[in-house]
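Quick heads-up: it's one chain on its own, the form predicted alone, in C-alpha cells.
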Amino acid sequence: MSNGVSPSLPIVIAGAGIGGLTAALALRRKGHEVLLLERAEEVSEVGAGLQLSPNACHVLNQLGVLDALEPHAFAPENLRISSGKTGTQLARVPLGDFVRKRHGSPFWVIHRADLQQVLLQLVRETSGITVQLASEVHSLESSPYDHLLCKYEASGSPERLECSALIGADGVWSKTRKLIPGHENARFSGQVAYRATIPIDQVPERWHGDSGLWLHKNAHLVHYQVRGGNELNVVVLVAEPWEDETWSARADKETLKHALKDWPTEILNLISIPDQWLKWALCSVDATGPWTHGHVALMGDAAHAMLPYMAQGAAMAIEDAAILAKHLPASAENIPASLRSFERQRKSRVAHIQAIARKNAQVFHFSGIPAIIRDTVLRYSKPEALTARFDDIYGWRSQQ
C-alpha cells in the first residue's frame, strides 16, 4: 500500500541561511512547493568571510547561482602558510587556475552576507518558493494521511499548515533538532574566533592577493580578500574560555593583541588596524548523531556544525542541499525513507570532514617538537602535492 504524499503539499524549511536557501532552490527544481520560514525579522548573515571550494561551487553552478556570485567573490591564486612564531613562509598551496583546471570549478572566497543575499534574491525570484520572516515552527502533529501538520508563528500570529516534510536548516542552535529523538546539543570547543574586515586600501600591499594561514601555539590566523577583493577578511582563532551570556559578542582588541603578543610585528600591526572586532564561540554538533525522524530531517549546521579548521562548514550545507533534493523528487512515495537515504549518503562524508577539522585544530596549534616536525614537512612538500591532499573534498560531485 502506497503511503504517497500529494505533490501539492509543500516542504517547510526552517532557517533562511545559506543551507536553507540553497535547499529551497534545489527542492524547487525537483518540483516541490517550498515554504521557507526564518525566525529573524530580516535575513542577515553574521560572521564575515567563507571559502567556496570547488565542491560547493559545483552545486551553486548547477543551481544557476555562480554567475551572480562572481562579482562578489575573490579567487586567490595561492594559500601561503607561514609561521606565527618566526614570520617565515612554510609552504605555498596552489589554488586559482590550478584548482579550476584540476576540479572544473573555481576556488573562491566571499563575504557570507554577499552569498546569502544572492541566494535570497534568486529564491524570491523563483515561483513556488515562499519566504516568511519573523516565523518559527513551534510544534508538529502527525496526520492520519501520512504527512505533517506544522504549527508555527508568523509575526506573532499562530498558523497551521499541512506539509510533506520539515527540513531543519536552522543552524548550530537549531530548534528543529529537538524534534529528533536522541539529538545532542551543540558543544563549546574551548576556542573562539575573532573576526574583522578591513577596506583593502587601508592595509599594506603585502596583504593583497594570496590568502594566508599563520600557525602558532594555541592560535592561528587566516586572511583573504572578500567583496570582490575590496575588503580583507581577518580571522584569529584562539583557545579561550567563553564568559559572555550570548554566543557572539564585541571583542576587545587589546585582549586579542595580548593573546598574540609574541607574534611577528607585521601581524600585530595588521590586527591593530580594525577599530572593531567581533568574536564567536566555536561550537560543534556531532555529525554521527541522528539527523532524521519520520518526515523531519536536519541539514547543515543543525545536523553537523563543525569547527572551521577545514573551512568546509558552508560547503557541507550546500552539498547537503543537493543530495537532499536528489533523494526527494516530487514523485517520492515514501518521504521518511527518502530522508533516511539522504542521511545515509551524507553522514559518512560529513563525519570524515568533521574529523579532519578536529585534527587540524590540534595540528595548527602545535608547539615544541611537534610544531618543528609539522613546519619541516610543510617546507619540503611540493606545492601541488599539498593541493592534491584535498582532492577527495574538492573533487566531490553531487552525482556521487
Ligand SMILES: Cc1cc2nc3c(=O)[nH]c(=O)nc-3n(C[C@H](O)[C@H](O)[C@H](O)COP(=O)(O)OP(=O)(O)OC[C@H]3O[C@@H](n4cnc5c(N)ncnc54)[C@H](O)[C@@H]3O)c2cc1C
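Residue numbers run from 1 along the displayed sequence. No experiment lies behind these values; they were computed from the predicted model shown.
What comes next is about the form predicted together with this ligand, which is not displayed.
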Heavy atom contact within 4.5 Å of this ligand in the predicted complex, the stretch among 133 to 141, 92 to 100, 154 to 162, 180 to 188: 133 to 141
Any non-hydrogen atom of D170 within 4.5 angstroms of this ligand in the predicted complex: yes
Can you work out whether G84 and this ligand are in contact in the predicted complex, taking contact to mean some heavy atom pair no more than 4.5 Å apart? no
Though only this chain appears here, would Q117 touch this ligand in the predicted complex if you measure heavy atom gaps against 4.5 Å? no
Evaluate L60 for contact with this ligand in the predicted complex, applying a 4.5 angstroms cut-off between non-hydrogen atoms, and reply yes or no. no
Residue (of H293, R195, K326, R227) lying close to this ligand in the predicted complex, criterion heavy atoms within 4.5 Å: R195
Within 4.5 Å, heavy atoms only, which of W280, W207, F74, W263 is in contact with this ligand in the predicted complex? W280
Stretch 18 to 39: residues contacting this ligand in the predicted complex, 4.5 Å heavy atom cut-off: I18, G19, G20, L37, E38, R39
